[in-house]
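In the form predicted on its own, a lone chain appears below as structure tokens.
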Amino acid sequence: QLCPLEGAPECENCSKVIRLLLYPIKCTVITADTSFSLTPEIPKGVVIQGNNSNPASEKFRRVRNWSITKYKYTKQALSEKLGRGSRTVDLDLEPRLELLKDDRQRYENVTSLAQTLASQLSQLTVTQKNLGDAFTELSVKTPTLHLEFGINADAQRFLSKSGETLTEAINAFTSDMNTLVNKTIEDTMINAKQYETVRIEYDAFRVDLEELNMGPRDAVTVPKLEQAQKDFQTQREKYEKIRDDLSVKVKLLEGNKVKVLRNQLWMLHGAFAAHSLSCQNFLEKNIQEAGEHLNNVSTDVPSFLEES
């Protein structure tokens, strides 16, 4: 006689309770004439499939491939710096990149100098304005020199106002130069760094393939040679794609750079010319009006020595 398991459901055919792990079962009544049998029933509608992909092994494979690539990259970069390794040179693209780097440094220097000039000119305009206010105050408090102080006050105020306009033009020039240098050219230089990284990886796989080709051919080396050929072809396609994209981008940048600089340089030159001409015209007109006023003024009051 079987003892029921505590908490287990009863069998459909008898009052006894028998349970197996994982699957429910049916049991038959145990008598003298019958045999005892257990037939597991698998639930319908449940399909259990094996998963051939192992996340841990897949991650290990990616890490392994990444480590091999980085090792080859480091080895190739070090050999190039030591002057022992060969490298791929694009005779059309790389001279353009070198010229772009040189131009960028020069543009940065021009932008820095223009910013310094704008800062100094801004301080000058503030000083000229304060000087003009001081002349105005003296012209009121000194009637005998009212004309002279007044002429200088007008001149300093005009120079200050014109200087502010010139400062704004210089600031606009430096802003556009910063956009060209730190955004447009910088974006291309980031792509150039990516190109250099891919180029070193390509050369690393190329050197690896060349070394295998020079070695013996046997059952061990042939599979390695075939795999190296596949890896080299993959890196070659990657290198050629980023090289072509960068070449197109550099050509577009060269044309855009010329347009932007031509426009900004003419605007800057025009601002300096307008500032100089306006100041000259005002000062000439100011001196002419002052001379006419002096001719119409009566004779000066005699000094103390003249009276004596």
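Residue numbers run from 1 along the displayed sequence. Given the structure is predicted, the values throughout are model-derived calculations rather than measurements.
Keep in mind that the form predicted together with another copy of the chain is missing from the display, and what follows is about it.
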Check all three, L121, L124 and N130, heavy atom within 4.5 Å of another copy of the chain in the predicted bound form: yes
Sole residue of Y73, F232, F135, Y195 within 4.5 Å of another copy of the chain in the predicted bound form, by heavy atom: F135
In the predicted bound form, the one of E94, E148, E164, E210 near another copy of the chain [non-hydrogen atom within 4.5 angstroms]: E148
Candidate stretches 199-207, 79-87, 99-107, 183-191 - the one whose heavy atoms come within 4.5 Å of another copy of the chain in the predicted bound form: 99-107
Partner proximity in the predicted bound form: W66 to another copy of the chain, non-hydrogen atom cutoff 4.5 Å: no
Non-hydrogen atom contact R217 with another copy of the chain in the predicted bound form at 4.5 angstroms: no
Distance check, F60 to another copy of the chain in the predicted bound form, heavy atom within 4.5 Å: no
I242, heavy atom within 4.5 angstroms of another copy of the chain in the predicted bound form: no
Heavy atom within 4.5 Å of another copy of the chain in the predicted bound form - qualifying residues of 268-289: L268, H269, F272, A273, S276, L277, C279, Q280, L283, N286, I287
